[in-house]
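We begin with a single chain expressed as structure tokens, specifically the form predicted on its own.
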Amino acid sequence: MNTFFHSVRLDREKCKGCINCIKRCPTEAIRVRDGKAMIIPERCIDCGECIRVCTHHAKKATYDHLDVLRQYEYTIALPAPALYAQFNHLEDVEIVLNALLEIGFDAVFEVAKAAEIVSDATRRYMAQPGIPKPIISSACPAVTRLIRVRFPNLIDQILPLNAPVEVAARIAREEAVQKTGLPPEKIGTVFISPCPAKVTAAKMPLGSSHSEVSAVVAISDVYPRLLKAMHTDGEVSPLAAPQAGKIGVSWASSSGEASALLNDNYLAADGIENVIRVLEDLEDEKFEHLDFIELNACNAGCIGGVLTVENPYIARTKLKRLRKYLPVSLNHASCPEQKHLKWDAPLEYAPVMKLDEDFAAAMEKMSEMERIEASLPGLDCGSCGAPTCRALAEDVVRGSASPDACIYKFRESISSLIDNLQKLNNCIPSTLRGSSSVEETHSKKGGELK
């Protein structure tokens, strides 16, 4: 069984045992047992949906804090394009870039720059003959993990290129080594992330044997410090002009990546439920005439990540305003950068939903699961602590739950037990019934039983 790193964690002290999270988890990775939620690690894809819907704040994201800068002699900020959409009336990206230097970074490499490089490389990849289409974006690690565990037949259609943050980290580290003369391990590449899935990707990359991202901090952590350091009165320290244009910055919102391909034959979907619907339809071969599919687990794209601070739809408006002041694009996939783009490890199916490694045993368990499911009410109410009746049936087959976890089945069992006790009581001779004997005794003595 594969081991998994997870950036989404449960705070049991705060968990109230409600079922909000189990109903929204896209891989049915959460159960409520003994009044507390539990996360099945091999199923979790760190999409952060449970963090978004938990009213008790019992789900949390694990990420680094800015004191991680002290661990390196030279640090490079890798700001996600979504960072720019958090600020009011921002007309110049350079204001944010300079603020990052003021709060302690030695250099900045925009992830938007790497996004433009990846866009150019994607256009070239799609132009090759024999490519299985539609191609699915590999930029959202939550979606890539979802495909890996739930839609393995679509793995071959995933774009085999590193996500922009990984490309940015690799290029930035290489340039810093040449500039400073420091060994690579003394240079820290720190991604400023909108979502926990990017934390997981840095620790356990997909399609790569390792990640060059040293640490991942949350936009929500960096935001208040940047506000204090941002100068809008023209007093900005000298810094090179912004490294990306509209194409790179547009990756922050849904359809930004797809529109950068300069090809209208694409589909873009955001929000994990919509993503699942698209993937199900894709498995059913309903999109055979499309060239590209962009999928984002978060609503509105990366600007809707749970580690951001702004409403995603307001952030989208801010992003549109900012793009007016930018050139179309400033970057292409040049030869030196090609080595940083392609995956160096295959993406493999993670069979976490198999009932058994042995095929015959798995089929036997499947039949048992279907039998149990047929005996359940089919209400999918979640009261048993599983998201659906089918999920409860699977838990029973796996040995982690009992059919009586269903309150309707339990009520039937209790009702049946009472009926059986009544029948048993009726079979007992009246002379042996404790209460009847007492009643008869009272009658014989002239007593009155009320």
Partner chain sequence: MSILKLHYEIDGEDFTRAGEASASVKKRLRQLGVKPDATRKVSIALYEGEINMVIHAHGGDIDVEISPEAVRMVLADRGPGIENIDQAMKEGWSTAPDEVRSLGFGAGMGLPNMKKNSDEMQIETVLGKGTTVTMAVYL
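Numbering follows the first chain given and starts at 1. Quick caveat: nothing in here was measured; it's all calculated off a predicted structure.
Missing here is the form predicted together with the partner chain; even so, the following discussion is about that form.
* Does Tyr349 reach the partner chain in the predicted bound form if we count a contact as any heavy atom within 4.5 Å? -> It does: once the partner chain is placed as it appears in the predicted bound form, Tyr349 has a heavy atom within 4.5 Å of it.
| Even though the partner chain is not shown here, does Ala360 get within 4.5 Å of it in the predicted bound form, heavy atoms only? | Within the cut-off, so yes.
**Prompt:** With the cut-off set at 4.5 Å between non-hydrogen atoms, does Gly104 touch the partner chain in the predicted bound form?
**Reply:** Looking in the predicted bound form, residue contacts with the partner chain do not include Gly104, since no heavy atom lies within 4.5 Å.
> Might Arg390 be said to contact the partner chain in the predicted bound form, defining contact as any heavy atom within 4.5 Å?
Replying inline: Close contact exists here: in the predicted bound form, Arg390 approaches the partner chain to within 4.5 Å, heavy atoms only.
Could you tell me if all three of Lys286, Leu355 and Met369 have a heavy atom no more than 4.5 Å from the partner chain in the predicted bound form? Yes, because Lys286, Leu355 and Met369 each have a heavy atom that approaches the partner chain to within 4.5 Å in the predicted bound form.
Checklist entry - Heavy atom within 4.5 Å of the partner chain in the predicted bound form: which of Pro152, Pro184, Pro160, Gly378? => result Partner contact (heavy atom, 4.5 Å) among the options: Pro152.
**Asked** With the partner chain left out of view, which of Glu337, Glu373, Asp120, Asp270 would have a heavy atom within 4.5 Å of it in the predicted bound form?
**Response** By the 4.5 Å heavy-atom cutoff, the listed residue in contact is Glu373.
Name the stretch, out of 143-151, 87-95, 130-138, 212-220, where some heavy atom lies within 4.5 Å of the partner chain in the predicted bound form. The contacting stretch here is 143-151.
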